[in-house]
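Quick heads-up: it's one chain on its own, the form predicted alone, in structure tokens.
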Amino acid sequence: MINLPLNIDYTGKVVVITGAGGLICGAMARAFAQSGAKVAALDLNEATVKALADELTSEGFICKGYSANVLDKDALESVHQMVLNDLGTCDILVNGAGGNNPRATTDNEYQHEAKEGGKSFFDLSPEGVDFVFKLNFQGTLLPTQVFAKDMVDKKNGCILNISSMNAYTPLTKIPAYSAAKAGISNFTQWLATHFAGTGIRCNAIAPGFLVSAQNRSLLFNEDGTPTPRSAKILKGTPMDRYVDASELLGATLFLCDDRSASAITGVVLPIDCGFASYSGV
């Protein structure tokens, strides 16, 4: 059980969450389930979402785990049919699948610091950059094409995308991921406009820096002290700390609620401990 930041009743709502095997979206799946929703947890790692579903079911909540590749539309259509059979039509879609790839990341922050043998901007893999763009952008577009059909038919629904603070100001070393997330913010506004007449709202959250299994070694040394990059992040964050995944849940539950946020669409909400507001001076 987690302490929910908002008491919103999602009883009867079917919530589809991609990337539910990860830290952020796994917490979202639990929050929606505890709020009464029927949750479809999708992830490429089937074992992870099956374990999540089993755990939530054992606690008396409704959750089903599904293996899903967000870059395979045919596979998503098959999962859609399973969700229809198991839980019903989709009311809320959370597009949480995404991420970066080492092949699209430079070793140096600035070109003048590039070292022989290191991976500079000129060594970025086209295949790696393409993968990052596909995973983040098409990994949001394709599930929306599949599951938003249910919402159009009902003339009601909500889509929540996961952008990033990189979308506002790109971070060094990760040009593809920063640009891809900027695309997600833009796509969120496009979807909000496109679907406005159908009763569907579309918003996004833009998380700031979180500590996860994927980036812990980049942020902290083995002895627990911050790396130089981590020190720079915290120096540029007015609250002088990282965002916790649980701190994304209030905005998520709020933005997806038709009563609380009925007039809110096309918004990308930063949740970043003040990172975007600080100029460095």
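Small disclaimer: the values here were computed from a predicted structure and weren't measured. Residue numbers run from 1 along the displayed sequence.
Although not depicted, the form predicted together with a small molecule is the subject of the following passage.
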TL;DR on 62-70, 250-258, 224-232, 32-40: the one with heavy atoms within 4.5 Å of the small molecule in the model of the complex is 62-70
Students should find that, of 207, 128, 183, 175, the residue having a non-hydrogen atom no more than 4.5 angstroms from the small molecule in the model of the complex is 207
The one residue among 135, 142, 104, 148 placing a heavy atom within 4.5 Å of the small molecule in the model of the complex is 135
Just checking whether residue 157 would be counted as a contact of the small molecule in the model of the complex - the rule being heavy atoms within 4.5 angstroms.
no
### Task
State yes or no: in the model of the complex, is some non-hydrogen atom of residue 97 no more than 4.5 angstroms from a non-hydrogen atom of the small molecule?
yes
Worksheet item: Given that the partner is absent here, does residue 51 sit within 4.5 Å of the small molecule in the model of the complex, heavy atoms only?
Response: no
Residue 188: touches the small molecule in the model of the complex, heavy atom cutoff 4.5 angstroms: no
